[in-house]
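Given as structure tokens, the chain that follows is alone and in the form predicted on its own.
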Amino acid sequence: MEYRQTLEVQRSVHALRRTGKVPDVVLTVEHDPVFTRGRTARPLEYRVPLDVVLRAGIPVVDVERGGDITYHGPGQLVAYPIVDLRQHGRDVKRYVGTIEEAVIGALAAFGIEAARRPGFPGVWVQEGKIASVGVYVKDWVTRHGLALNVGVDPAHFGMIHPCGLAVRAVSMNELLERPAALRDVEVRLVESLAHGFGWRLELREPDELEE
């Protein structure tokens, strides 16, 4: 799905959660190629001239989440938890940690050992950064979230410093003997998030959430 379209869905569900019309929701999606820049994005986040980015036809979208620049695109599982933190301790730092631990748990199901790094949001393997985390909170309700690289085009990530850092973005399928299917990773990740937040899962399409 195109990024801006999903952003509107996020904002609509966020408004429903803030007014208590829906429970916690996690949206999962695979985006068309896009670079998004958070509130703290710096001018030197590109590894290539901006005209190279523009010639590649990849849009750049400024968003309200924290963090620097990142990439979303095919082969990447993006999850947007829309969570009322008033029911989860009113602690943003703990919330981010729960997301990171959910990713680590999902990766472990595929035999990939990953970890958190203090002071650097996201999830890491020895080879580099495998998942990014960037959140926005309003009235104690979250939006934006995480992006887990399953089998992403390295040339696209190679255009930027992911999250403003001089690190390499790594995909799961670089580390596995047999490539993982995005759907299988989605199931594991959502189950891991449900465990972390104490959710009972129900599958819904976005347009069903007000019913």
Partner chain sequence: MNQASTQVVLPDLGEVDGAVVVGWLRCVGDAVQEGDDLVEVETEKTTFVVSAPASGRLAEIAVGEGKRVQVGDRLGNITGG
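None of these values were measured; they are calculated from a predicted model. Positions refer to the first chain, counted from 1.
Not pictured, yet referred to below: the form predicted in complex with its partner chain.
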Within 4.5 Å of its partner chain in the model of the complex, do 47, 73 and 155 each have at least one heavy atom? no
Given that the partner is absent here, state which listed stretch (146-154, 168-176, 24-32, 59-67) has heavy atoms within 4.5 Å of its partner chain in the model of the complex. 59-67
Contact between residue 93 and its partner chain in the model of the complex at 4.5 Å, heavy atoms? yes
Would residue 81 count as a contact of its partner chain in the model of the complex, using a 4.5 angstroms cut-off between non-hydrogen atoms? no
Report yes if any heavy atom of residue 104 sits within 4.5 Å of a heavy atom of its partner chain in the model of the complex; otherwise report no. no
Residue-level question: is residue 109 within 4.5 Å of its partner chain in the model of the complex, judged on heavy atoms? no
Mind listing which residues of 119-155 have a heavy atom within 4.5 Å of its partner chain in the model of the complex? 121, 129, 133, 134, 135, 136, 137, 138, 140
